[in-house]
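Have a look below at one chain only, the form predicted alone, in structure tokens format.
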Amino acid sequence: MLDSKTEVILALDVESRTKAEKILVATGQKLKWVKIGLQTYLRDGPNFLHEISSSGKEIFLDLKLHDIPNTMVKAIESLSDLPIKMLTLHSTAGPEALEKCSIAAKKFLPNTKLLAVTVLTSMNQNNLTSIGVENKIPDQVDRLAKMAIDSNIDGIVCSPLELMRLRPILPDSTTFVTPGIRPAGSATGDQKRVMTPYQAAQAGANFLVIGRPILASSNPEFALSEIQAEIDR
């Protein structure tokens, strides 16, 4: 297990189940959390999640559910047999959907935290404007985050750059999960709003979602150890 209060989640977004299994072996026992995204879930199915859980890992299922309220509730019900500890919804589904999902999760996924996605970290201001959102990114994130927490969602997925602003305005019990993490000196890729692991931990992140810096390493276990050391320094 990781000793720091800020934990690393490996984004296991790779092109095949075989590669995913090799990565899990290569990261060793220091890895506690694994994020399974839409690509992997659709390809490898529930059985893969049970396999990961059986190996001692905790699972963050990142499906970003977004539909009419009834469909989202039924989706949560359909996941009730899965060993997942966190699940994402799009906050833009609205307060009615979020509230109903919160109620459904207490019944069907009582050990799972629901997380609301605010503004994707791949979005910059031009991207946001192009889909008709005139708010500045910070204003849009604040609005969606407050709405989600008011709708009894457990936590927020947001850029690490928003953490310092959101921490004071949301309850202390709010769980913050932050993608867009790049160790010092690494390429940012398609992420627009990034921080280093140390910066994000200092800003108040509970969990850091990290993919490429670990997945692309010739020694994933060492890469994970280096990231944890950066957090703990």
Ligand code: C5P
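Keep in mind the model is a prediction, meaning the values are calculated, not measured. Throughout, we count residues from 1 along the sequence that is shown.
Same protein, other form: the form predicted in complex with this ligand, not shown, and the subject of what follows.
Each of 64, 182 and 211 comes within 4.5 Å of this ligand in the predicted complex, counting any heavy atom. Taking 112, 140, 151, 121 one by one, only a single residue has any non-hydrogen atom within 4.5 Å of this ligand in the predicted complex, and it is 121. Checking 84, 117, 73, 161 against this ligand in the predicted complex, a heavy atom within 4.5 Å turns up for just one residue: 117. Heavy atoms of residue 157 reach within 4.5 Å of this ligand in the predicted complex, making it an interface residue. Contact check for residue 35: a heavy atom falls within 4.5 Å of this ligand in the predicted complex. The shortest heavy atom separation between residue 11 and this ligand in the predicted complex is within 4.5 Å. Here the chain stands by itself, but in the predicted complex one stretch of 41-49, 199-207, 168-176, 56-64, 56-64, has heavy atoms within 4.5 Å of this ligand.
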